[in-house]
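Heads up, the chain below is alone and in the form predicted on its own; it's given as structure tokens.
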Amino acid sequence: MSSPFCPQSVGADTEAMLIKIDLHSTGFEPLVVLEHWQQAQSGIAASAAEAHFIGRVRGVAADGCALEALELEHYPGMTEQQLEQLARDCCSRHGVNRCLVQHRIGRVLPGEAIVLVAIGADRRGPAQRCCQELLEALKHHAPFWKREWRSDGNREWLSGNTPL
């Protein structure tokens, strides 16, 4: 689902910055989404460098038990706005011109993609640094509530985040 606050491409205050944020309640294929994002940029000045990250749900819960699923809840409207602000802040700090964030919500199974971040910039350094910083910002500041569904039948809301 496209964010109502950040449609296909939102121009930022800085020239030519394009940000695309989507939340998905069902699975998405990160490489297909990435290809469409790249094709959509073909009519605009292309980025010389891109950094990408695809995150998938692990098969093991925080306590080491086998994980059946990870559930992500969010507050519609607020979440999209916060993701856009996190992306805009990171992009501005690193001087990058393109940003794509795709994130799952709802029930996500082990091995399924949960996040895709793609950054386009004029140089690899800013692209890589922005991608890393944005991933950490999403991990620690995005308003998602996560619950682990374990294969032993237990369920638990997570209160912290996993380390790097």
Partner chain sequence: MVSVVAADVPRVGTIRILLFAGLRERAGWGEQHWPANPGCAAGLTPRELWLQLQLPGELGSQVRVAINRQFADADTPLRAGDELAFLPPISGG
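The shown structure was predicted, so the numbers you read here are calculated from the model rather than taken from an experiment. Positions refer to the first chain, counted from 1.
FYI, the form predicted together with its partner chain isn't displayed, but the following is about it.
Exercise. May I ask you to check whether Ile114 falls inside a 4.5 Å heavy atom distance of its partner chain in the predicted bound form?
Key: Yes, contact at 4.5 Å.
Self-check item: Any non-hydrogen atom of Asp89 within 4.5 angstroms of its partner chain in the predicted bound form
Solution: No.
Exercise. Answer for Leu18 alone: is it within 4.5 Å of its partner chain in the predicted bound form, judged on heavy atom distances?
Key: Output for Leu18 is no: heavy atoms all beyond 4.5 Å of its partner chain.
Practice problem: Report whether the minimum heavy atom distance between Arg107 and its partner chain in the predicted bound form is within 4.5 Å. | Solution: Arg107: no contact with its partner chain in the predicted bound form.
Exercise. May I ask you to list the residues of 76 to 102 that have any heavy atom within 4.5 angstroms of its partner chain in the predicted bound form, in sequence order?
Key: If the 4.5 Å heavy-atom criterion is applied to its partner chain in the predicted bound form, 76 to 102 yields Pro76, Gly77, Met78, Gln81, Gln82, Gln85.
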